[in-house]
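Given next, in C-alpha cells, is a single chain: the form predicted on its own.
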Amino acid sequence: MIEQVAEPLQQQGFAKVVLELEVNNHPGVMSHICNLFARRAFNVEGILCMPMSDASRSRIWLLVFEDQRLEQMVLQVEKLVDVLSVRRHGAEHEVFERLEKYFH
C-alpha cells in the first residue's frame, strides 16, 4: 500500500516556534516523531537532540513554522507513547540562536 503525503503549505507569513520534547531514549523515537511530521507535510526547519543526564531520556528541540496545523501536530506528538512532555517556545529560544553561528 502506498501512503500519500500531503503537499506542504507555503511558509510565508508564519512565525517560527521551538517545540521542546522530553522523550524516552531508545532507538526509533526520533524516527516516529519525524515520520509524524513528514506524513502531514509539516516541514521541520531544525532538529537538535541530546540525551539527558540519566541517559534514559532525551530532549528534542524542533524548529517549525507556527501555521494553522501546529496545534493539531502538538496534540498528535503528545499522543506518542515515548513522548513524555511537549513545551512550546518562541523562535528566539536560545538553543537554536546559539547554533546559528555554526551554519552562517
Partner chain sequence: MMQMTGAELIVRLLERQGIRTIAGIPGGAILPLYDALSGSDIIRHVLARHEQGAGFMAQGMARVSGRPEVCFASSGPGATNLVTAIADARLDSIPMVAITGQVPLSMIGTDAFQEVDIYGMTVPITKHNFLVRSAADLLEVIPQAFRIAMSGRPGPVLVDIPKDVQNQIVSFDAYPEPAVPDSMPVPDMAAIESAAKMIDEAERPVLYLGGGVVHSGASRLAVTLAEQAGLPTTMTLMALGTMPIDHPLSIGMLGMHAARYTNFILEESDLLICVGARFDDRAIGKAAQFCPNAQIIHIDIDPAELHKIKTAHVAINGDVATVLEALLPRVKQSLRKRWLSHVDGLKSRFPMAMPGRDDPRTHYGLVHAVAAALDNEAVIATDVGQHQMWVAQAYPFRRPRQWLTSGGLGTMGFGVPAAIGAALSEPDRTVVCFTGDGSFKMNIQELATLAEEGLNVKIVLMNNNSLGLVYQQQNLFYGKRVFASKYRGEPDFLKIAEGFGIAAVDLDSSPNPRATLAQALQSRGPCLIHASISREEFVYPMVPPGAANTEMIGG
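Quantities reported herein were computed from a predicted structural model and do not represent experimental measurements. Numbering follows the first chain given and starts at 1.
Here the subject shifts to the form predicted together with the partner chain, a form of this protein not shown in this document.
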Does at least one non-hydrogen atom of Pro51 fall within 4.5 angstroms of the partner chain in the model of the complex? no
Partner proximity in the model of the complex: Arg39 to the partner chain, non-hydrogen atom cutoff 4.5 Å: yes
Within a 4.5 Å heavy atom cut-off, is Asp82 in contact with the partner chain in the model of the complex? yes
Can you work out whether Asn35 and the partner chain are in contact in the model of the complex, taking contact to mean some heavy atom pair no more than 4.5 Å apart? yes
Neighbours of the partner chain in the model of the complex among 24 to 55 [non-hydrogen atom within 4.5 angstroms]: His26, Pro27, Gly28, Ser31, His32, Asn35, Arg39
